[in-house]
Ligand code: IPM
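Read the single chain below, which is given as structure tokens and is the form predicted on its own.
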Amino acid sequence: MSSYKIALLDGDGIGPEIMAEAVKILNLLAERNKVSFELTHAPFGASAYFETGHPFPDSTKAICDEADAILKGPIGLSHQESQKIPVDMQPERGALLPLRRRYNTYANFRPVFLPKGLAHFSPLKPEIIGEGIDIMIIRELVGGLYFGEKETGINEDGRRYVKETLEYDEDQIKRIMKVAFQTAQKRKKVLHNIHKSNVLKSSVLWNEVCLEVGQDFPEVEVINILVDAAATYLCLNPGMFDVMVMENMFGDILSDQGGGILGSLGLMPSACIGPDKAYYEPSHGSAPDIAGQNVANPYSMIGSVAMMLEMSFNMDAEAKNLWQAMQSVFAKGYSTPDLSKPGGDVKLVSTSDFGDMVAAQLSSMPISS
């Protein structure tokens, strides 16, 4: 029997609620397959800061170091509550970026997926959605502006200033490009390279390396597009995209826009892959305004489990079953209140009810070999 250790970082806000539904599914998967999941919860984020004095405490690092994969809930607080935490200890700076740096999770996969049958979630017109949306955004995750040197102070004129450095070297670009080309090779063999080379020299180097790596993938067509144009076309013609690759900040912004064209970031799981370890997380925030109400949809957390099954544990068939199980619940007309639209013909269920329905649907499917 295969056995895997999974570190569970519940996070903040709605994190513990949707993590509970992920655990429900993991326990079912263990029952259905010859596999054992050793699940260990560990504090992470703002809740960890208030509990231990650090958003990424040493005890959590030790648990993550021992894990085969990490499942992470959303982190963060409201702006007002965040002010109670020192700037460098706030969850994104004090926990999330150090997590990425510690495990060198340079490749971020964010699927923007909405089958035609679920088009009612999207704010886009049916004629724009067409047969559905199926895009894989691949974002470089440990370089660029977010990880560059940062400086603040008072300049010679007595004015406050800030300086942040955007830095990439060719090796960082090459490795994310290889991931992007390999992904495109497995899909439609079309790769949109997102850049801003008309302004940024970092994008000039980015494009040069893209061209060099592309020589090893002659079957993949590369389409270069400026980031602002890509943002426009995501709204006007999302079907033109299949695989998109981009640097860190562009990926942060465009993947959130991807959630917008689906109708909610609650429909976007993600995978963050490094050379030795990966973590999986919803792309959305911690939604503190609805925390504790049992109304948040666990789709992106359970979807992150599906990505973990495929990308860390080689359980591809069960990953497909899990995707199908989640989408079938939506297809039957059920949704949680956070994803519902006023006047929509939707049967509202709670967070835990949605998880139960996914589990029941998965239980009815043939067990993978």
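Throughout, we count residues from 1 along the sequence that is shown. Here the structure is a predicted model, which is why all the values come from computation and not from measurement.
The next section is about a form of this same protein that is not shown, the form predicted together with ligand IPM.
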| property | result |
| --- | --- |
| Interface membership of Asp134, ligand IPM in the predicted complex, 4.5 Å heavy atom rule | no |
| Close approach of Gln172 to ligand IPM in the predicted complex, 4.5 Å, heavy atom | no |
| is_contact(Phe109, ligand IPM) in the predicted complex, heavy atom dist at most 4.5 Å | no |
| is_contact(Arg100, ligand IPM) in the predicted complex, heavy atom dist at most 4.5 Å | yes |
| Interface stretch in the predicted complex with ligand IPM - options 148-156, 91-99, 214-222, 233-241, non-hydrogen atom within 4.5 Å | 91-99 |
| Heavy atom within 4.5 Å of ligand IPM in the predicted complex - the one residue of Ser203, Thr105, Ser122, Ser283 that qualifies | Ser283 |
| Residues of stretch 245-276 in contact with ligand IPM in the predicted complex (4.5 Å, non-hydrogen atom) | Asp252 |
